[in-house]
Each structure stands twice: as structure tokens, then as C-alpha cells.
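Encoded as C-alpha cells, the following chain is the form predicted on its own, with no partner shown.
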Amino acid sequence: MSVLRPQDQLPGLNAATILLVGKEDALLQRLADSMLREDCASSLKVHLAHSLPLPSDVNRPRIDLIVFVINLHSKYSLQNVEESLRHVDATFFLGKVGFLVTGAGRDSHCSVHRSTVLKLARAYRSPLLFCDLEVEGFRVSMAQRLVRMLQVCAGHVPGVSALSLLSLLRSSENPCLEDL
């Protein structure tokens, strides 16, 4: 059982790599395609994985951002993410991990409550993003946001670190009682 660490590989020159983890193959692929169409000064790489741990591969690039995708219509999706989180080193949670929740538009069909994923994101002190990936406009907007987050996490935005981005994203949320 290998743990994914942020410093396992040396950073690539002007390269940024995101890992999308989730069971929704078609949606993840469309999100990846939208991200690759974005205008980015960095060499952008998008890797998809059903779950962690990743196979040990010496040629794998350094991963700058991990986004766990949870579908509210599938309890299996949430279980997969919870099991995958065990294979991520704690230092990744210093601004280089996020949760993306899809399927929130149709509450009547949800198998997983929003409060469950909210508690998960708070427990790991990571940003929580909601987006209906089936709607192209929302998907493109989310792709733009993820590319910008990736650039920050890869160190390509002067004066902004992944940790400072995390604090900015956290301050925009409503504070929970335990934070007060």
C-alpha cells in the first residue's frame, strides 16, 4: 500500500499536473477535456484515476493538485473517495487537495446528503466545490477554476501559494462552530 506524497517527484519546468479521482469516467473525461482546452501558460497535464493508490510508476509526473469527485447520486462514489483518502500523505492537505461534488441539482435523487460531504471537506480542511458536470457551461466554468487552482498549487502564480489559496477559499465559506 503506497501513500501518495507531494514531493515524490521533482517539479517539471513550467508543468502542472492535476489528478482527478472518481468513478464517473465519462464526466471526468469531459471535465479533463474542458481543462485542456483552457488557455494556460503552463504545460497542463490531467490524469484520471478510479481510486488510490496509484500503480507505482517511476515515470509518473509530480502531482500538484488532487481533486476527489463525489457524485451525490452514488453512495459508492463517496465510499471510493473515503477509501482513497487513506492513500494520500497529510502534507497534500496543505492546499493541494479539493473535493468536487456533482449531482447536487437534483436533490430528490440524492443518495448522499450534502452535509456528509461538507463534514468530509471540513475534516480534511480542504475546499469543497459544487458543480453539475453534465451541463457544459458549468463544466467549462469549473474547468477554468480548477486550472487556476492548479497553477497556484504548481507554484506558477507569483506571490500566491497553495496554502494561502486554501486560506482564501476557507475564509469565503461560512465559518463552522468549531472554527470560532
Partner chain sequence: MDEIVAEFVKRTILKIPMAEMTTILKAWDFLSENQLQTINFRKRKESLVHDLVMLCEEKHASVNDAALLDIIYTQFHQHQKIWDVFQMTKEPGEDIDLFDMKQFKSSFKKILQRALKNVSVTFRDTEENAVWIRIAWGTQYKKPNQYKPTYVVYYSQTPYVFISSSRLRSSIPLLGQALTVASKHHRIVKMDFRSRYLDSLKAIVFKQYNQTFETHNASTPLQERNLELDINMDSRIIHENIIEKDRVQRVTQEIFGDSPQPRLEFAQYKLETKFKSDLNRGILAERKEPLRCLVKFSSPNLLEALKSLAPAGIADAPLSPLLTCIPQKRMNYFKIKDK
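Since the structure is predicted, the reported quantities are computational estimates derived from the model, not experimental observations. Residue numbers count along the first chain shown, from 1.
Omitted from view is the form predicted in complex with the partner chain, to which the following refers.
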- Item | Single option in L65, V112, L146, A32 placed near the partner chain in the predicted bound form, where near means a heavy atom within 4.5 Å | A32
- Message: Considering non-hydrogen atoms and a 4.5 Å limit, which listed residue (V69, L133, A154, V46) is close to the partner chain in the predicted bound form?
- Response: V46
- in the predicted bound form, P55 touching the partner chain (heavy atom, 4.5 Å): yes
- Message: in the predicted bound form, does S51 come within 4.5 Å of the partner chain, counting heavy atoms only?
- Response: yes
- Looking in the predicted bound form, any heavy atom of L128 within 4.5 Å of the partner chain? no
- Query: Counting only non-hydrogen atoms and a 4.5 angstroms cut-off, does L36 reach the partner chain in the predicted bound form?
  - Reply: yes
- Near the partner chain in the predicted bound form, with a heavy atom at 4.5 Å or closer, the residues from 69 to 102 are Y76
